[in-house]
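Next up: a single chain in structure tokens, the form predicted on its own.
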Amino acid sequence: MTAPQAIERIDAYPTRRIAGFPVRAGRPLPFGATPVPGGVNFSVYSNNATGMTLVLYRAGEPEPMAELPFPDAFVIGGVYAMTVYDLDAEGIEYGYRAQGPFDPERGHRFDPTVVVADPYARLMSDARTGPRRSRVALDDFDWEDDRPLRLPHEDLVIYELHARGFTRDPSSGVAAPGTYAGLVEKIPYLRELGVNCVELLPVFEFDENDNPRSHPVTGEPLANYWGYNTVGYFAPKASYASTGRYGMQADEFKNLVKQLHRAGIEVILDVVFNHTAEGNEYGPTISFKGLDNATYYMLTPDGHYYNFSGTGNTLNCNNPVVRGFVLDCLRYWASEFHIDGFRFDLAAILGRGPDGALLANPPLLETLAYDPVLRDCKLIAEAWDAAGLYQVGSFPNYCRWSEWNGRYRDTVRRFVKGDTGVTGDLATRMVGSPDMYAQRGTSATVNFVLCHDGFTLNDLVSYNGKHNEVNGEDNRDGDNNNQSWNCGVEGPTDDPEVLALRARQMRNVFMILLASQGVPMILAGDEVGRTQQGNNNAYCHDGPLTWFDWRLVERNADLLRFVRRAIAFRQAHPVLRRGPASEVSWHGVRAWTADWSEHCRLIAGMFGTGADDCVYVAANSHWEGHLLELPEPPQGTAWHLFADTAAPPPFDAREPGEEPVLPDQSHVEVGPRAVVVLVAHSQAEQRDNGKEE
């Protein structure tokens, strides 16, 4: 039996020549540059342009090799589409000149002297090797049997990292430092740590050199290190790829995702749809501004840019065209790169209408929540913006969205440094913040204490104030409300008592975070005590200040071991990840009698009631220790000691399943500024394991 042959288009031939190239009317969809039999189909949208020209370059050359105006017959609605034949797809770069009015008061900023980038460009050239231009991507990566992992939300331990900074330091020892390939070499470290999800700071193409400031001491140019000024939404960052100069960044990034999945680790991307790299009316024209400014940006009635992002412009996300652009982008990353979820920067902006007003039912957020392609993707909102809109606990969620829980961060910081009046709030945060997320469950809250924006954990316990002088803004930038405490000395010290207290405070933060219901997120490097020397806004430093120093893995091995065991303990006990808050009982110095008074700095919770899984967590931020009366463990079990952050290493945490039985089953001592964690094991099991003391 002969297999049927695929039917080829009968109109796949040129109909005319433009600038020496054979062409024909193209297909309007999909947008972008798409290889087709014999050529490349180019499609770009502009509702307000009066004409459009395709500009072709030989890769790396400064001047165009051809400019092809779109004939009127090649325009359908607001879409300019043309198929160009006899092109070497891998050997060309391209852009567009858009003709139209320059009338800023009406929102139009067309400038045909500028060649703008394709918003749908799947690749962009590496700016280190020449001008940044759009390129054509080929779809030839072999995923084998890779699929998104679909891990339950509550089971995630998220690890936020910078794709370059994680391995850029020479101490990383990888073959290609600062690249996707280098990150692949560190997957065994991630597995051993126990995290099962990495959240990558922006990896969409951006310009790391667009910072106008200089280092106030060295005079060297500062960088845009974090990457929140996106240039190409469909293009993986070329300079993060060891093969970027050869145009292989998409394949290298796909291999990173594939290898992480093989290790059981999901991938979440930090995406930025609230603004672009084009800034306000004084910023550069890169893409949207030159193609259709009035469509893509929120504009005031007199044509200026609304600035809800704090960066100069605000993307007009609830315009139907822009909404489609965002949806296309996320579908592309989910389907073509097997991404498991997205974290949306300043996501509250995505709920604003074209005039900036808050929408009751934001169509973009609803569309993303119900999109069939994105059904299994995690959607995580940073539920605030730079204009004062704060929606933690009230973000339009459609029973799909999770939120970075800023209230969890603030409460844990205040409790650990010893503030009064937060014990009750800490209890609420530790059971998944049901005051905010009762209907959605513990998967709705992403609990974190530190993230890229702010102090590292080491600095949180080493500095009372920010030290951002090297950012070139006279220490005016960065948050002033850090809720930090230096343990008695500002910055570095050799005082052994101060160092011991700081180490204990870091263990306290980790233990509370990993014993809280919800989804914990860890900032990369905190598990080994990484410092940024008190800088809480290090967005502009691409150097040792922000890179992961791998020598700390050995130097702070005790802290790393503690974190590994705490993560493993969490994974061994589902009661710490999910379950109704009603199954958690609260205690104090006396069992079954929690002290919710203003002055109290002690709280203890018993998670679970059954013999199969029951954990007792006591957190004390008082500078004195306390003897706590214990509730009886479930029948047939006895209390065993997993962690005591006041104990010297390695007795601060045990291997899960190997905890020694507590000698006194009725009381436990919790030290000054310490956390104690007990677990109920069956007595029969204990005798079998020969662990009774």
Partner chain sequence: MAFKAKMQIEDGTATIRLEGELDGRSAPELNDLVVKAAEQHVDRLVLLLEELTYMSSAGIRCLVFAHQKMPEDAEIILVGTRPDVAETIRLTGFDRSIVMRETLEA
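Positions refer to the first chain, counted from 1. Keep in mind that this is a model prediction, so the values were computed, not measured.
The form predicted in complex with the partner chain is left out here; the points below concern that form.
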Which of 516-524, 439-447, 581-589, 256-264 sits within 4.5 Å of the partner chain in the predicted complex, heavy atom basis: 256-264
Contacting member of A181, L193, L161, V392, with respect to the partner chain in the predicted complex [4.5 Å, heavy atom]: A181
Answer option from N537, Q532, T243, N508, heavy atom within 4.5 Å of the partner chain in the predicted complex: T243
In the predicted complex, D494 touching the partner chain (heavy atom, 4.5 Å): no
Heavy atom of F141 within 4.5 Å of the partner chain in the predicted complex: yes
Non-hydrogen atom contact E90 with the partner chain in the predicted complex at 4.5 angstroms: yes
4.5 Å heavy atom contact, E252 to the partner chain in the predicted complex: yes
Residues of stretch 318-342 in contact with the partner chain in the predicted complex (4.5 Å, non-hydrogen atom): none
